[in-house]
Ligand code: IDC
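Take a look at this single chain in structure tokens; it is the form predicted on its own.
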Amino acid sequence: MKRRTATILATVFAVAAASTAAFFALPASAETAAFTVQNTWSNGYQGQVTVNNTSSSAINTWKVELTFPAGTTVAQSWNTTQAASGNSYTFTPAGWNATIAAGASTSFGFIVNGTGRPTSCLVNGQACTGTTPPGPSASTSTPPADGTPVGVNGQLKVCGTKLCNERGQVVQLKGMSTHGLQWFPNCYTDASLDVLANEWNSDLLRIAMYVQEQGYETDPAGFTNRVNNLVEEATERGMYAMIDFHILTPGDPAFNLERAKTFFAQVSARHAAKKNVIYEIANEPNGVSWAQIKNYAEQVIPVIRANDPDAVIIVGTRGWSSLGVSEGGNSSEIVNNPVNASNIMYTFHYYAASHKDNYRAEVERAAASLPLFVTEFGTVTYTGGGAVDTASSNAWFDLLDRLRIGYANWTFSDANEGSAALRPGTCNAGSFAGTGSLTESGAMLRNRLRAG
């Protein structure tokens, strides 16, 4: 916070923890399946798998095999016959649901002890990966496969207090934020973005474009071009791209109102036909009232809507996007006086070592009335430094997963600070694959995203 700083296609097997965080492509002509989390608690969760027959003839039987990480077990299941061998579980029909008519589906559920999500699967004996993923040095700068986050979910929209895909299903996007583009250009290359999309299974890339601090105001055309290029890179990999107008100092968004109008007019015109762009119009307003933030939003949103009427727009909140908590307020001011616009969400930011139970309580309360997105969070203190607070970080993850609130971690960079996912020097070296270059925070986030 106050730091410096489709039919579901027959080629898709999507595994997601109440979202679409891990993806596995199936060979053509196979049925598809989708894993979702229905409910969670501190030491377990309820999962469900839906098997879909997208072919033109009936399927007479099915078998789903899921592998879970060590320490995670399936305690019970229903609408299926379950068998286990080590960490691998096989689910076959209960009898009455063996046949799936053309275009139909069936589902089964289970209770899991532990928090690990499935790490791999087989469907009717076929390897769910289907094809060999590219190696760490390969580039995937080609149109995305249908099993990517955008391929599975398409155009997002706000439905009630949740984020939903184009079929109206709730999704929870999980991903990483860049650091300032002016400081870490070598961190955002074909190689690093391939790793983020294909190895980390990141749903989205938040593109943090600072306005001040040697940012946009120094070279509007140059920084707009950098943002556009990164949106294209995310699009090629099937990730969602969140364009962050990163205001921080000064904290009054009105200071940058005209810049915001110019910038968002240009980027929304460029990307209006895309399904994967989300607009975050004010990173961390601070020192101003909610009424002032609302006024800013109601002037910027129409600029985007003139070009892109369908995209989700995210509005910053008071007190460094803390819903006002960091300045002695709370979300009631937003609930009682919401932004006069549709298809919008509200920002919440936290840093786990600094923001704990009272912040979590406010998020729980606000989420009942407001669509929230954690567009930035850290595992360390609000300065971006210090040690990883594992307990508080896990408490936050559990809360966000239960409430189905999406998030982007600060940061996918090699900054010399605790919040950075990469060790200093990693980006200049250009080697991003595996775990050898990760900080403690980076290892935590990589594991979290890969688990779903």
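Every value quoted in this text rests on a predicted model; they were computed, and no experiment measured them. Counting begins at 1, following the sequence as shown.
What follows is about the form predicted in complex with the ligand, which we do not show.
J.: Among 299 to 307, 251 to 259, 283 to 291, 149 to 157, mark the stretch whose residues have heavy atoms within 4.5 Å of the ligand in the predicted complex.
T.: Heavy atoms within 4.5 Å of the ligand in the predicted complex occur in 283 to 291.
J.: Three residues, 183, 210 and 351; all within 4.5 Å of the ligand in the predicted complex via heavy atoms?
T.: The answer is yes: all three residues contact the partner (heavy atom, 4.5 Å cut-off).
J.: Looking at 89, 359, 279, 382 here, can you tell me which has any non-hydrogen atom within 4.5 angstroms of the ligand in the predicted complex?
T.: None of the others qualify; the residue that does is 382.
J.: Have a look at 237, 117, 318, 246 for me and say which one sits with a heavy atom within 4.5 Å of the ligand in the predicted complex.
T.: Among 237, 117, 318, 246, a heavy atom within 4.5 Å of the ligand in the predicted complex occurs only for 246.
J.: For residue 414, is any heavy atom within 4.5 Å of the ligand in the predicted complex, or not?
T.: Residue 414 lies outside the contact set for the ligand.
J.: Is residue 203 one of the residues lying within 4.5 Å of the ligand in the predicted complex, judged by heavy atom distances?
T.: Outside the cut-off, so no.
J.: With the cut-off set at 4.5 Å between non-hydrogen atoms, does residue 410 touch the ligand in the predicted complex?
T.: Residue 410: contacts the ligand in the predicted complex.
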